[in-house]
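Okay, here we've got a single chain as structure tokens, the form predicted alone, with questions on binding and movement later.
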Amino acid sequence: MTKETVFTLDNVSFGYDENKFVLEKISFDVNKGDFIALLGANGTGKSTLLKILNGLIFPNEGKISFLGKDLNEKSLKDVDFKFFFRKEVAFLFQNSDVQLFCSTVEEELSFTLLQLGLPQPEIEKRVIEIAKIFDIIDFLPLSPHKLSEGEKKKIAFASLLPQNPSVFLLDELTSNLDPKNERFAKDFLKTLHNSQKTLICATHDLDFAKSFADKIAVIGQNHNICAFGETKEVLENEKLLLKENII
């Protein structure tokens, strides 16, 4: 049975400086339920690609679509599409301080639901449910900015859940987590994957990619996709991984 295509990238190129591309001619499809690990050396554009998928920045060249509809500045000005896209796609920044901006953890978990216009009793119900799952009930009245880096990352991850998105874009999820919380995050990713959520994770951790992802996209030092395929097949290409400074 053919899987539904969530994202299609067609020759996507992007540069913060118009004379230098960070990503060049990126083309691949993401299907519903995929768990894709993005691998690449520092500076190859993994975080930038996730931001493009999240509609935070837009390609200088090429096209990207979400569920068959163009994803660009024009489409995100359409109120209905923007509401749908922001509900369905959740993004975890590598740096939690960029993501956390509310005065309390409870407000962080409530923020997106407020923007979606949910009634207050439903918001409170969902926030408590997620706080229990993540074992952060005691954190709810606290300022996220006074927490440890690992606790911030856990709160940032938890804040994606109340809206019940179908797609998770995760930038170095396990960085700054202590062993206990890293185990929790990985177990929770398995739960999301088993429930047919679509997951795209930028990571430097090959063991993580091998254990959890079913597909791998390698962004080469030339800022293009130099390998995309089943995890086992890509990770067995030691010559490629050495060439691209991944191992």
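Note that residue numbering follows the sequence shown and begins at 1. Since the model is a prediction, treat every value here as computed from it, not as a measurement.
What comes next is about the form predicted together with a small molecule, which does not appear here.
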Next on the checklist: Only one of these stretches, 61-69, 210-218, 186-194, 36-44, has heavy atoms within 4.5 Å of the small molecule in the model of the complex; which one is it?
Outcome noted: 36-44
Checklist entry - Looking at Ser166, Gln94, Thr174, Ser110, which is the one with a non-hydrogen atom within 4.5 Å of the small molecule in the model of the complex? => result Gln94
Checklist entry - Is there a heavy atom of Ala227 lying 4.5 Å or less from a heavy atom of the small molecule in the model of the complex? => result no
Checklist entry - Counting only non-hydrogen atoms and a 4.5 angstroms cut-off, does Leu235 reach the small molecule in the model of the complex? => result no
Next on the checklist: When the contact criterion is heavy atoms within 4.5 Å, does Thr48 count as touching the small molecule in the model of the complex?
Outcome noted: yes
Checklist entry - Heavy atom to heavy atom, is Lys32 within 4.5 Å of the small molecule in the model of the complex? => result no
Checklist entry - Looking at the small molecule in the model of the complex, is some heavy atom of each of Tyr16, Val22 and His204 within 4.5 Å of it? => result yes
